[in-house]
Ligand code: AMP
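Just one chain follows, in the form predicted on its own, and it is written as structure tokens.
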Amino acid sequence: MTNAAEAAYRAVHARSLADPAGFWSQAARAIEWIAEPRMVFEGTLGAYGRWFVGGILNACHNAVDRHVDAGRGQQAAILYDSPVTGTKRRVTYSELLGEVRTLAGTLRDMGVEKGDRVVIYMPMVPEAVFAMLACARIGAIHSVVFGGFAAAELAARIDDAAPKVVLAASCGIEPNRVVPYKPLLDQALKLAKHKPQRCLILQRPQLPGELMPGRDLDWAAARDHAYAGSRGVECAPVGATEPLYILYTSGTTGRPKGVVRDTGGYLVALAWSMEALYAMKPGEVFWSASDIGWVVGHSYIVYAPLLAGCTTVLYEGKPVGTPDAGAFWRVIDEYKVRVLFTAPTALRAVKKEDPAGLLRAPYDLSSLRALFLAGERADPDTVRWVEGQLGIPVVDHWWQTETGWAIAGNPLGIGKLDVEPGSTGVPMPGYNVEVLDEAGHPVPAGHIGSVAIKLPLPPGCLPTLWQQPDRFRETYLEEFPGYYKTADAGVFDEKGRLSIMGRTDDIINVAGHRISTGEIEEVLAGVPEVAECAVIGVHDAIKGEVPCGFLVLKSGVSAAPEEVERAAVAQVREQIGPVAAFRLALVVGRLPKTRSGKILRGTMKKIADHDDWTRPATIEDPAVLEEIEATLKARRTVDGEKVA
């Protein structure tokens, strides 16, 4: 790092903690307000305080209208690139405004008002972005559900959010198959106790869906009707502390955990991050190779790039297979991408297919200024490989669905710091990050502990969970009073650089997607032949982690173990979806337990990952661990791929 960059970062971070109201008040000038906040921060409100109290604004106006008003209407807002359908589309800011105004009018015609919820169940198509912004325009609260989720998962989210309307596409497109969304939606609505009034269906030519009379409307017909009648609507005034969206994140079994995102604080934090963290300028092209169903897609495909007046790439494809491992390089070259943001999983897949970088050679990547990684730990080997291939800064930064933007990173807009591969960099402004022991005391540099953030959280972070304030406090605030518990384990080095080592709860990271092992266990327990089960996350060279299930069968089961294993995998895929990447179920004689009956999942994971492990003193029968180890050794591969 340069001394100047280090000093600049330290000064900015220190000021954000010493004078948070002053720091974020200055950052808020990047946003257009209908009414200025009465207070920048009010510590007596909510669980830990609320940001920009009394402020009134509109997210859609800030992301779209104001750029058209400023003369940027002909600039590209969205570059849609879909190798799976062979489709490309350029949407200018003016065109985006027209589409969003029209869809907002359609939503109004369907009875959607400010504060109503709208579930969006769509693939990576421009209409999905239109849908999010149209909700924001009229003050409705959107809840995007990733298209890879099965009907039961969608039903649970519909019941929790209680949407007035569902916006969905008829199908999604994968490299080798078409995924029928409409039948999944129909099944979800049968399962759900809450019944939305209407569904608006985008019919894709690859697989149109059957519309249900009286409930389903055709998207194109409704759009044309609203457009012909000039039914577009203007932006509604929205309070800064009113929700922009609900996004469900993995948790323990039971009721879904809906992260609430405040409107004002979110816009301020994202606008700050685009300039100071990602070093983006208006008019430049930003590409987040994620999905709108995840928090990265919400923040850095949709809202942040548009807030900054940038052009965002909407990519419906894969890093490999559409058509090959040169797909990312082709997109960067074609659209002159300045910053790419993706998951380490994607780059590991590219590295696996093209280790020498031969598919990179035909493309001009001179536009690319930096590559940002998040969603899981970026292993140093992959980081060094990418740096060698591209010759640009590679930033592994860390954040969560709950925070909405980076907790730690390398702020290129302030000045590039020297950060060792494997570290996620330094805490961002507003984040007072500490590593704690089990008693809640800070540990010295070099010691691993629970990563926690001293309250209050900065703007952009969740203020609560949707209609579950007690669960919010219990989940995040009770274990370490005065702190937000991240449930991640990590360590600071002597220079103040933070490394995240893994989860401290039952959430595993599968290709950047947070999956609850408890949720998978609940499904496995429903397999008729299964008496008990345990799921752990095992290391995977491509996805980071994949779930592995251990099944103990009921006495007298006549089915062959292999049949039960196949049935278990199929049941998880049906009830949770392919996103779980559940492919390995192992029938075992028994599970290792403590004398009190607790399953020793941590020890099982160490065995599966070939880490050093010791026999826990509280184990009931030590021989079970050897049995687990033998089972794993006998089943190192599935479908020819190494999994454990």
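Residue numbers here begin at 1 and follow the sequence given. Everything numeric in this text was worked out from a predicted model, so none of it was measured.
One more form of this protein exists, namely the form predicted in complex with ligand AMP; it is left out here, but the text below deals with it.
In terms of contact with ligand AMP in the predicted bound form, the residue from Arg231, Lys164, Arg503, His539 that brings a heavy atom within 4.5 Å is Arg503.
Only one of Leu340, Leu412, Leu96, Val295 comes within 4.5 Å of ligand AMP in the predicted bound form through a heavy atom, and that residue is Val295. With the partner left out here, ligand AMP still marks one of 394 to 402, 525 to 533, 87 to 95, 69 to 77 in the predicted bound form; by a 4.5 Å heavy atom cut-off that stretch is 394 to 402.
Within this chain, Ala374 lines the site of ligand AMP in the predicted bound form, having a heavy atom no more than 4.5 Å away. Within this chain, Thr102 is remote from the site of ligand AMP in the predicted bound form, having no heavy atom within 4.5 Å.
None of the heavy atoms of Thr263 is located within 4.5 Å of ligand AMP in the predicted bound form. The shortest heavy atom separation between Ser450 and ligand AMP in the predicted bound form exceeds 4.5 Å.
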